[in-house]
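A lone chain, given as structure tokens: the form predicted on its own.
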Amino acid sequence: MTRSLRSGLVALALILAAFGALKATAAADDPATIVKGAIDYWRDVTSYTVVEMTVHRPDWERASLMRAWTRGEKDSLVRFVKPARDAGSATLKVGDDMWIFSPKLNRVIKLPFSMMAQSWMGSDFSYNDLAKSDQIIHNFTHRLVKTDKQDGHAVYVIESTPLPNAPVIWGKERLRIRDDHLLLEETFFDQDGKPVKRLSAVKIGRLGGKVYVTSMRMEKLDEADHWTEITYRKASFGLSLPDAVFTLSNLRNPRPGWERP
């Protein structure tokens, strides 16, 4: 091999390596990829969690305990365990449809779109918030506003705007996502661009074998001292969950053995 040919091959290899690195950097900084990565990391392929929820108001506070199962982007089941007055109440989402079960009424009710913005179990979360995992991926466009540094990590600040005619109620959302896929903050804006509420990470730790936001708070920005805090007490990821978990039959009559996979 001649010296000129060797030099040419080395130059070509360097160009290809630089191009590959540029593509990898571009993919890492792509805001849609960052958002999807955060949602996928949070839910995993499947998950089972035990969650404590505290609803706080200026003159009272209420705590409850629930169990939740998720599969992919669209399927989830949340069942309340405590307090006794809420035990058995459950919410099921399959695809784009959502149902609630009330043991007091012994009825399964399918939620129309008009009810999706209502409060979920008296908290500062709405039914829309439960469905947001696939909404934020498929119904919004994403723009990287800036990249901050925090605790040795890059933090991507992303502005998400609804697609035309998308079935969402927010004018836009602003997210702060750490480079290890942790969603640190999500601010919701109304159609006039006014921030209405904010979801923030309160604690970060190890859960289910990975670094995770173990506690998060949803607060209303136009009402002082109104917030709801979610704390994960237990989590398992990558479980083998049967299809029957995400059914109307299981929503109404949970089968033994699925409560503690």
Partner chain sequence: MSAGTVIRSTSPQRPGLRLYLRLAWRNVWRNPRRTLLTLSAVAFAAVILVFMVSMQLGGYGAMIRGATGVFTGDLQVQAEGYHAKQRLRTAIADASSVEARVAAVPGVTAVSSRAQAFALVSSATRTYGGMIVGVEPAKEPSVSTIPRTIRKGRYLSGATSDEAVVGQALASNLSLTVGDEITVLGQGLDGSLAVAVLKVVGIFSSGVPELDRQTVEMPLASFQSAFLLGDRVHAIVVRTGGLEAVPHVAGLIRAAIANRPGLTVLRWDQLLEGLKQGIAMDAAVGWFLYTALVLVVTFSILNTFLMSVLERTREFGVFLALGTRPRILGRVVILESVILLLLGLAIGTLAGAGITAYAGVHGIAFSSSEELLAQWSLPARIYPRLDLLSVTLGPAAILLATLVAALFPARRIRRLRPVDAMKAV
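If you're wondering where the values come from, they're calculated on a predicted model, not measured in any experiment. Positions refer to the first chain, counted from 1.
The form predicted in complex with its partner chain is left out here; the points below concern that form.
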*Of the residues Asp86, Asp75, Asp134, Asp124, which one places a heavy atom within 4.5 Å of its partner chain in the model of the complex?*
Asp86
_Counting any non-hydrogen atom inside 4.5 Å, which residue from Arg62, Lys210, Lys203, Lys234 sits next to its partner chain in the model of the complex?_
Arg62
*Looking in the model of the complex, any heavy atom of Val155 within 4.5 Å of its partner chain?*
no
*asked:* Can you work out whether Arg107 and its partner chain are in contact in the model of the complex, taking contact to mean some heavy atom pair no more than 4.5 Å apart?
replied: yes
*Would Leu184 sit within 4.5 Å of its partner chain in the model of the complex, counting heavy atoms only?*
no
*Any of the heavy atoms of Gln150 lying within 4.5 Å of its partner chain in the model of the complex?*
no
*in the model of the complex, do Pro242, Thr247 and Leu251 all reach within 4.5 Å of its partner chain through at least one heavy atom apiece?*
no
*Which of 142 to 150, 111 to 119, 67 to 75, 174 to 182 has heavy atoms within 4.5 Å of its partner chain in the model of the complex?*
111 to 119
